[in-house]
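This document starts with one chain, in the form predicted on its own, laid out as structure tokens.
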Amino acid sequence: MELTKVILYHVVVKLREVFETSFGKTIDRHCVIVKVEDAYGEAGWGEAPVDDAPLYSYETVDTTLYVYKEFFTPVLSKDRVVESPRDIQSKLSIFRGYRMAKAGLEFALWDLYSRRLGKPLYKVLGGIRDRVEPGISIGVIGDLSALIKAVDKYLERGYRRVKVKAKPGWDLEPVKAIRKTFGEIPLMIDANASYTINYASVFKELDKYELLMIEQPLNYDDLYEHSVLQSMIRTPICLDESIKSLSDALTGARIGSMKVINVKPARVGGLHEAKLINDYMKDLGIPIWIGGMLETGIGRGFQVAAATLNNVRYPNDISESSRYYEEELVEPPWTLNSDGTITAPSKPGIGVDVIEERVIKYSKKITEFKL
């Protein structure tokens, strides 16, 4: 593929309702949409799900725009030929970090590459299924009655697993209430790194409730203390923020930091690294599932493709479009099937059409780089 242009769209879309985690509330979702064009006039689309503030990650919209302008596109201008999406990581390997920024570009190349092959992305990636299981992620509501109503609504809609965001003071009571009302449904909590090892007694108490897993209870960079906590409780620990690469996953596996991994393709730098983690962890007997960061319908296409991989053993954080947004950036929007699954589209690329007029409509800033 000979690339000729990279266009970045700083998009801001409003969520249907406030989404709260341990590190804050979100209503206006920022991201950077990436479009690449080649010498034949073909285009591919990607998404870097960065925010406007360094909350989940140190990467932000501004840092992403900066590293593209100062570093990524100058490298591409010197050598515009990319044989496959995997090659982009080696081209940019001299630059440390900025995995989500790199992923946005890699995603766009995967879309372009699979479109050029005339194949759906999930098949090019090596997926083994054409339907994936979605789970629902419910923010820190802070009201048990409202929480029960939300869980009931999403179970009725067909979601196959319930995840509740937790933080100190909002952990045991939500779990107790859900178990009392809904019985042994697939249930987990996600702490987003809001606890310390001093809260071990809370996690020992949660052992009583047969959770699928506890996601990222301790520091977002930690591997060691998670291994200590995992040795103290039966419930599987699932790592998210701590796993930024295959190297992190292998280290965590060796020291017993986790029994499950939430792989967010953007967080680990793209689909190639996500596939490597899938393959290595399968050999080690550690299952994965695919997480999300409030992506638009563009980013969701890469989540769905990753969720077709052979070591994905749990429902994924992949919701239908109407869960978050009034108007999607793609057609058709992502929807649940009658059996509660989401179909991996059979059309080439991510399998949905990006409506560029809507991307422009929601863009705060558009930056174009001719290579």
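In case it trips you up, residue 1 is the first one in the sequence shown, and so on. Quick caveat: nothing in here was measured; it's all calculated off a predicted structure.
Separately, the form predicted in complex with a small molecule exists; it is not shown, and the next lines address it.
- Taking Asp222, Glu273, Asp171, Glu295 one by one, only a single residue has any non-hydrogen atom within 4.5 Å of the small molecule in the predicted complex, and it is Glu295.
- Out of the listed residues Gln230, Ser242, Thr73, Asn192, Asn192 is the one that sits within 4.5 Å of the small molecule in the predicted complex by at least one heavy atom.
- Here the marked residues Tyr56, Glu215 and Lys264 all reach the small molecule in the predicted complex, each with a heavy atom within 4.5 angstroms.
- In short, of 64 to 72, 40 to 48, 323 to 331, 337 to 345 it is 323 to 331 that has heavy atoms within 4.5 Å of the small molecule in the predicted complex.
- Contact check for Asn278: no non-hydrogen atom falls within 4.5 Å of the small molecule in the predicted complex.
- Among residues of the shown chain, Ser137 is one whose heavy atoms approach the small molecule to within 4.5 Å in the predicted complex.
- The small molecule in the predicted complex is not approached by His226, whose heavy atoms all lie more than 4.5 angstroms from it.
- Within 4.5 Å of some heavy atom of the small molecule in the predicted complex lies at least one heavy atom of Lys165.
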